[in-house]
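Read the single chain below, which is given as structure tokens and is the form predicted on its own.
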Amino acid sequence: MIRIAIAGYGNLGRGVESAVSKCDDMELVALFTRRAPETVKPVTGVPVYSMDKACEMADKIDVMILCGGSAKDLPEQTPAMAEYFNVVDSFDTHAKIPEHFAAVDAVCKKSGKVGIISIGWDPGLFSLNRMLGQAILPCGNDYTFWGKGVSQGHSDAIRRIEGVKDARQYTIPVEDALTKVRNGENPELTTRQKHTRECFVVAEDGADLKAIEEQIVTMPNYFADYDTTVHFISEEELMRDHKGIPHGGMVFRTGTTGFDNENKHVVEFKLTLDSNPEFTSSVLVAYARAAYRLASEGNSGCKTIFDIAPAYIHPASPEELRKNLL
């Protein structure tokens, strides 16, 4: 059995707890939190420990799945945990992935551990499909659309702003742009032309609403490059109208083949998700299996989804995969 631990028990951590319970080759052995451990009540009853006690259990855990936010948590937590554990995270600030990779890789090479970063569906499965599309159709264009749905990372980034009590951020594809891509028109689209962002924010009593809105719409890597609308609503409205965390999206590769590029092709990979965190958690858990297998073979260093053969994430043996799926 692969011994799994979770660091952080928000929506993503709860999703990992559920996903591990569905895997016959894994067991959840520990949950680490920055809250008072006695206040955290996991569904499965797994033991809960303070985050600063994690290093004391290095010999009892095969893979640590990190479930913190990309804005503040993972840049510090993933390298710190990689000193003691094989780790998997869902770091999703695309522009900073090379920097995050370098930090985790340096620690993993010293500790002899495997670190797998930026695992989920984007970055993650969408990244893999973009790479496959480019490799297969070198004469073509990439398009990625997200939503309509709640972005966990963007919502978390808003919640970190002073004066914000809670928030949900929806990413919404621009329908006209989506239609042109599906029709094979190969439009040239700016970031702003592909998506809009809509934010629903619960502010603390007495908070400066104008200052909060300004911080949101100018936030680099999250909102600055998009048409962003901010709505301030009550906590009751948020729970009533925005309790779920749906999401999804599409990756396209449009391209041509033939000596005269006479034949057109449109490749589409699409996800429609009732629960963004639960699906992301399921991807994390599959790649925790890969981290364990890679470490068992003596590998170390940081990896991304590009570096890992699909057979490493499936519970079946290579022989079973060849017989049943190939």
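We number the residues from 1 along the sequence you see. Note that the structure is a prediction, hence the values are computed from the model and not measured.
Another form exists, predicted in complex with a further copy of the same chain; not displayed. Remarks below refer to it.
Contact check for Val43: a non-hydrogen atom falls within 4.5 Å of a further copy of the same chain in the model of the complex. The shortest heavy atom separation between Glu262 and a further copy of the same chain in the model of the complex is within 4.5 Å. Contact check for Thr272: a heavy atom falls within 4.5 Å of a further copy of the same chain in the model of the complex. At the 4.5 Å threshold, heavy atoms of Tyr292 stay clear of a further copy of the same chain in the model of the complex, well away from it. No member of the trio Val48, Ser155 and Val202 reaches a further copy of the same chain in the model of the complex with any non-hydrogen atom inside 4.5 Å. You can rule out all but one of 68-76, 202-210, 127-135, 162-170: in the model of the complex, only 127-135 has residues with a heavy atom within 4.5 Å of a further copy of the same chain. A heavy atom within 4.5 Å of a further copy of the same chain in the model of the complex is found for one listed residue only; from Lys110, His94, His231, Arg240, this is His94. Residues are counted as partner-facing when one of their heavy atoms sits within 4.5 Å of a further copy of the same chain in the model of the complex; in 302-323 these are Thr304, Ile305, Phe306, Asp307, Ile308, Ala309, Pro310, Ala311, Ile313, His314, Leu321, Arg322, Lys323, in sequence order.
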